[in-house]
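Heads up, the chain below is alone and in the form predicted alone; it's given as structure tokens.
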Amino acid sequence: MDEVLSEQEQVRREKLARLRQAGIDPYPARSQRSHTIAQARQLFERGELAGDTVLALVGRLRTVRVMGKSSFAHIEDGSGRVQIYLRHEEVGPQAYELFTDWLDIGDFVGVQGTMFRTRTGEVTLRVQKLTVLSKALHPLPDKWHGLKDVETRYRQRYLDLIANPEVREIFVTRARIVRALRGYLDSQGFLEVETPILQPIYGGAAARPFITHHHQLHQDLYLRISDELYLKRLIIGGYERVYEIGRDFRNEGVSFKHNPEFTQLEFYEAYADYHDIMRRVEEMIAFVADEVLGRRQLVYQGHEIDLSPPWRRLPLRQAILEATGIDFQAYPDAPALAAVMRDRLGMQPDPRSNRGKLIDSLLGTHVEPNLIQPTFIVDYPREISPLAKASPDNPGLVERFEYFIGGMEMGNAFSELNDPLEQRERFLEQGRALEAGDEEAHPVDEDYVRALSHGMPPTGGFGTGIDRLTMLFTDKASIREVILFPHLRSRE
């Protein structure tokens, strides 16, 4: 079927043909640049450019104003924007016609000339030479209204980045967050490593995996849902502090805080427990705030938040009791807890949920939205924490915490279970749940148990989502705003 072009697109195609007919390559292989726009402006404004210094700048045409034999325009590169000024007698008739008749907003050009300041005070390049670098065949979003449609912004992120400079800044901040996390962990003696993304057995979290198939090996493989079990193998192997920042994949629903493909930091530290990890986490996040924001206070969705340590520690039992009036310790099995959840709170819990998942749903529904200031919720049910060490004071609980900021769960940590016999029994319990239909239950990983049987020192582990940290630091309520290319339903 023939491509249907708009009137603007047809005009641009005609200009493209005219360029080629005139012997002008609309997509040359080379360009010449002596300075970024930001560098050129800084040198000029500091008085470090002689009046006759010729600069070569490049960028996308963002505005054009033709006034007879002279024209003004703005070009933009990755560092900023600058005005350019062309006169017919200075650039020559061919180049001037090229600019006024054959180029459009959105095209990339190279310009050479000298810097000056107009009567209105605007820093400007007086063009001596103009070169076409790339002809744009589609128009940019409307310059006055920008790109506002959320669906289009996510599906065509390149247009979002062109039209909305503040969006570009989100991903600059994201990169700075990752760099700061690396800087902190490297300074503390952690080793950055890489572990398999394709795994024969998935594990390390409660999630349904994506499945793929290796044809030569005739083997189903899973995209990892967590890095945990491989990182702990490295602790067993003799490294004492390791971390990884990488992609994980969970075959679950999409929401304002969930994307099937996401970026996670996990670190593991030998001879540490969950109390040590709490201290490290609050110190690390404060360090990131210092590096990225220059302060430890931020505003998220209208709430003023202070990331300065120490953060509040709150037992899960107490948090749920204060929020709902329900003491889950008084309800030793799932049916009893589900009944009180229905009677007192009007909740309709999934009848397949075990007691641990019911407790977790109380946390998510009635506690999490109110945890605005940084808070560690500690001591979780054993049933939903198969990789965490049991509490010495209460074998029904484990030494686990999640941390919350801005009404959102941000990360998860344990004192890691290092008893291989108990770990195998926990896996078998999870395996029975998996066979009973719990798609998020942990499969039995005999190789990990074998590794653990060689001895793992007391260890604390932690994981946090880079996407949610970026949401927090950029005041964005949706994870799709902080992932360059979020997963979307296919268009019909």
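Quantities reported herein were computed from a predicted structural model and do not represent experimental measurements. Numbers for residues come from their place in the sequence shown, where the first is 1.
Separately, the form predicted together with the RNA exists; it is not shown, and the next lines address it.
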| property | result |
| --- | --- |
| Close approach of residue 72 to the RNA in the predicted bound form, 4.5 Å, heavy atom | yes |
| Contact of residue 175 with the RNA in the predicted bound form (heavy atom, 4.5 Å) | no |
| Contact of residue 218 with the RNA in the predicted bound form (heavy atom, 4.5 Å) | no |
| Heavy atom of residue 409 within 4.5 Å of the RNA in the predicted bound form | yes |
| Which of 390 to 398, 190 to 198, 285 to 293, 203 to 211 lines the interface with the RNA in the predicted bound form (heavy atom within 4.5 Å) | 203 to 211 |
| Candidate spot 6, 126 and 489, all three touching the RNA in the predicted bound form (heavy atom, 4.5 Å) | yes |
| The single option of 252, 276, 76, 306 touching the RNA in the predicted bound form, heavy atom within 4.5 Å | 252 |
| Answer option from 43, 449, 66, 433, heavy atom within 4.5 Å of the RNA in the predicted bound form | 66 |
| Contact set, 336 to 367 vs the RNA in the predicted bound form - heavy atom within 4.5 angstroms | 357 |
